[in-house]
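The chain below stands alone and is given as structure tokens, in the form predicted on its own.
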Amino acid sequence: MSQTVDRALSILPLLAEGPASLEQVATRLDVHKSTALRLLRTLHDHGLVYRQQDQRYRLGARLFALAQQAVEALDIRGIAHPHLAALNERTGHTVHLAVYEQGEVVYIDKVESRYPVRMYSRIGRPVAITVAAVAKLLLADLPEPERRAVAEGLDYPRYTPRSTPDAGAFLAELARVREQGWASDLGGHEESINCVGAPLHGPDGRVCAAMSVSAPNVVVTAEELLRLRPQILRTAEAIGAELSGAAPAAHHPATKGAT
């Protein structure tokens, strides 16, 4: 029975590549056409595959509906929190989790630092979208036309001399973040606070949330905080793997200079 289930499930990634004939399915599974037909009929009865007029099979609408329900049911905060707490325990610094919703980047979780200095940030409060590391990560993943439209519609407050000055500079920074796979805010919102963040990828491969580690420069320098980047990336990968039900990637994106 387990072999039958395994074979049936093996058909789905095959059809994800595009429509396939009965003969193609049988060849890929290395089974007789009668066996492949039986498996396809079972999947068809459950709406997971659909037979086209040209007799080829493709993924069925029911599969997409189930995938959407699974994504909507994901509790990103619940899944991420133990990982954030563990990173906080290892580093002692404040750890944030944020999502992009309705034109704002909002914190949905926070684990406070162990030292007396407390961060101004609050769960449910929007971040400074033009400078925050988590905001850069979330906006960098948007399709280029949407990314440009968002950037050109923002105001650019000069919180500090290191704040992002305008849409052109912001778009250039988002391009760097998109390429390197991490982001930082080194005194761009508050001169005394530095932050390094990493993206969380959902089941569809898109960035569904972003996390960051923040610390005042009286506790650690920007350079010392940047040295935590591998730990931050590993944590983000572990959360993404749990969200997607996959093993964490073996390697991290190439790291470059601070953004």
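If you superpose the two forms and keep the largest set of C-alpha atoms that fall within 1.5 Å, you have the rigid core. Note that the coordinates shown come from a computational prediction; the quantities given were computed from them, not determined experimentally. Don't overthink the numbering: it's just position in the shown sequence, from 1.
Not pictured, yet referred to below: the form predicted in complex with the DNA.
S.K.: Scan R62, R51, R28, R229 and let me know which has any heavy atom within 4.5 Å of the DNA in the predicted bound form.
M.R.: Only one listed residue qualifies here, and that residue is R51.
S.K.: Which among 201-209, 214-222, 28-36, 187-195 is in contact with the DNA in the predicted bound form, heavy atoms within 4.5 angstroms?
M.R.: So the stretch in question is 28-36.
S.K.: Find out whether any non-hydrogen atom of S21 is located within 4.5 angstroms of the DNA in the predicted bound form, and reply yes or no.
M.R.: Yes, S21 sits close enough to the DNA in the predicted bound form that at least one of its heavy atoms falls within 4.5 Å.
S.K.: Should R41 be counted as a contact of the DNA in the predicted bound form, where contact means heavy atoms within 4.5 Å?
M.R.: Judged by the heavy-atom cut-off of 4.5 Å, R41 is in contact with the DNA in the predicted bound form.
S.K.: Judged by heavy atom distances of 4.5 Å or less, which residues of 174-210 approach the DNA in the predicted bound form?
M.R.: Going through 174-210 in order - heavy atoms within 4.5 Å of the DNA in the predicted bound form - there are no hits.
S.K.: Please determine whether the C-alpha atom of D204 is displaced by 2 Å or more between the shown form and the other one following superposition on the rigid core.
M.R.: Moves: no, less than 2 Å.
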